[in-house]
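Shown below, as structure tokens, is a lone chain in the form predicted alone; questions about how it binds or moves come after it.
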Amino acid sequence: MDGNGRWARRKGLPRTEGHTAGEEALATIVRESAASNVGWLTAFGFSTENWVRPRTEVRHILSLHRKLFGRTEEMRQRNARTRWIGRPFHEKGAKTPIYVQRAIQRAIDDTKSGTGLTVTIAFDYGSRAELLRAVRHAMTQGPVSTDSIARNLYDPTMPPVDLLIRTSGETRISNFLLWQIKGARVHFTERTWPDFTAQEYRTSLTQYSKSHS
């Protein structure tokens, strides 16, 4: 979900306003995903590299994520469940604050009965960290293989990615689900994340469906 800062700068607003708009954009895409019968939606909320941003910006992003994980009633109404991937709270190197940890756990517990859309938020997440951890755990369990690595990912139940959406004119792959995106179709758009509309999202889903029909 790239381009929150650029969106704010173009409008002469603080970067924090861009992140607020980005959180609302994600809520829109969640609703559209539920309406379009998407099974899994995974959003890169905050990476392991983002902690070096200015403290005021980080604090604002943390508060937005607490709010995001707090949207449990809307998730239940849409028969959706919330999941999370990132550095496990109890492991060395994890940086998720306690109050965000609690919000994450409440969201998971309060929406666990959802059988429709699964919304996974990647917070304090980096794919290289995920893969390194998976390999280390696999090495303690016997010969390392693709299957043993897959079993030790943050969420082994997550299916392979079908469609990867990259906003804000970025035509590169970030440190996001590097194992899971093998074979995924990539949709690049010039729109910043706050400007990414439900209509363009539907178009990307339609194009994906046509390419696999």
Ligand code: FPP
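In this text, residue numbers run from 1 along the sequence as written. All values reported here derive from a predicted model rather than from experimental measurement.
Keep in mind that the form predicted in complex with farnesyl diphosphate (FPP) is missing from the display, and what follows is about it.
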{"query": "Proximity to farnesyl diphosphate (FPP) in the model of the complex, single hit among 148, 180, 175, 50 (heavy atom within 4.5 Å)", "finding": "50"}
{"query": "Residue 29: touches farnesyl diphosphate (FPP) in the model of the complex, heavy atom cutoff 4.5 angstroms", "finding": "no"}
{"query": "Distance check, residue 15 to farnesyl diphosphate (FPP) in the model of the complex, heavy atom within 4.5 Å", "finding": "yes"}
{"query": "is_contact(residue 193, farnesyl diphosphate (FPP)) in the model of the complex, heavy atom dist at most 4.5 Å", "finding": "yes"}
{"query": "4.5 Å heavy atom contact, residue 164 to farnesyl diphosphate (FPP) in the model of the complex", "finding": "no"}
{"query": "In the model of the complex, segment of 42-50, 182-190, 29-37, 151-159 with a heavy atom within 4.5 Å of farnesyl diphosphate (FPP)", "finding": "42-50"}
{"query": "Joint contact, 6, 23 and 64 to farnesyl diphosphate (FPP) in the model of the complex, by non-hydrogen atom at 4.5 Å", "finding": "yes"}
{"query": "Farnesyl diphosphate (FPP) in the model of the complex - contacting residues of 145-176, heavy atom within 4.5 Å", "finding": "none"}
